[in-house]
Ligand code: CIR
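Let's start with one chain on its own, the form predicted alone, as structure tokens.
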Amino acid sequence: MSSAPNQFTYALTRPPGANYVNALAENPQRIDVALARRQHGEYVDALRAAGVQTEILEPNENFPDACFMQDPAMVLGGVAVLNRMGAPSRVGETDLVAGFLRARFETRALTAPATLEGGDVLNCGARVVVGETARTNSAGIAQLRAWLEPRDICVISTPVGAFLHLLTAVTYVGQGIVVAHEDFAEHPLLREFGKVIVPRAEAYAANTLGIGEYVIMPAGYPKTNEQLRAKGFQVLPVPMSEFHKADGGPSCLSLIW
């Protein structure tokens, strides 16, 4: 397992629109859009503090979940992958970023019957683990594998059980270390990694974003924060309450490479 840090330098973000009150959620709660926008601003500040050039797109009022930029597209191995969203209300979000990516990268677009969302893709550099979920199917994983393996990126798939996305259960922060929910931490595919194990009481903190020596994580989870610091990371806590309500975390808010 590589001990190299995550070398991200550029991120696309999009603040929530007024329609964010209608975002998908397993357990819907009232969302304060004004607060969500302030929290998004703090998130962008954290990206920039970590040295990432960050571009802020306009809110989109056609898609309530459009602020979750990780899902509709990814950049892996120098290729931009245009995903095919598994949630019907999110089909069309990929078109919002496709032109931007086509102007900068070689691109590949998933085709039916494939579905794949970025929240199911654990990018560990030369290894990519993809979760099989309600949002990502075997056809999507097969198409991704066909594009990445010729670029010497190994694609492995796994069921994720009760978790919404794979990255709800585990995120890769670089340096051979994952941040993993305690109910997922002993998964065989994580055997080679160093681990920060997130207790059930801090389950939301399993979704983080590692950038070089920094980790952006939700504020308010001291046990996970302490473990990350013990591993040598500089932790950038960001308030995320309004994104938590829509099942989104720090990794979800960026299309990053």
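Nothing here was measured: the structure is a model prediction, and the numbers come from that model. Numbers follow the displayed sequence, beginning with 1.
The same protein also has a form predicted in complex with the named molecule, omitted here; what follows describes it.
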Report whether all of Ala50, Val173 and Ile256 sit within 4.5 Å of the named molecule in the predicted bound form, measuring from non-hydrogen atoms.
no
Of 53 to 61, 38 to 46, 66 to 74, 191 to 199, the segment with heavy atoms within 4.5 Å of the named molecule in the predicted bound form is residues 66 to 74
Is Ala114 close enough to the named molecule in the predicted bound form to count, meaning some heavy atom within 4.5 Å?
no
I'd like to know whether Gly248 contacts the named molecule in the predicted bound form, with contact meaning heavy atoms within 4.5 angstroms.
yes
Taking the named molecule as it sits in the predicted bound form, is Ala109 in contact with it (heavy atom to heavy atom, 4.5 Å or less)?
no
Does the named molecule come within 4.5 Å of any heavy atom of Arg84 in the predicted bound form?
no
Name the residue from Leu164, Leu96, Ala139, Val155 that puts a heavy atom within 4.5 Å of the named molecule in the predicted bound form.
Leu164
For the stretch 88 to 124, which residues lie within 4.5 Å of the named molecule in the predicted bound form by non-hydrogen atom distance?
Arg90, Gly119
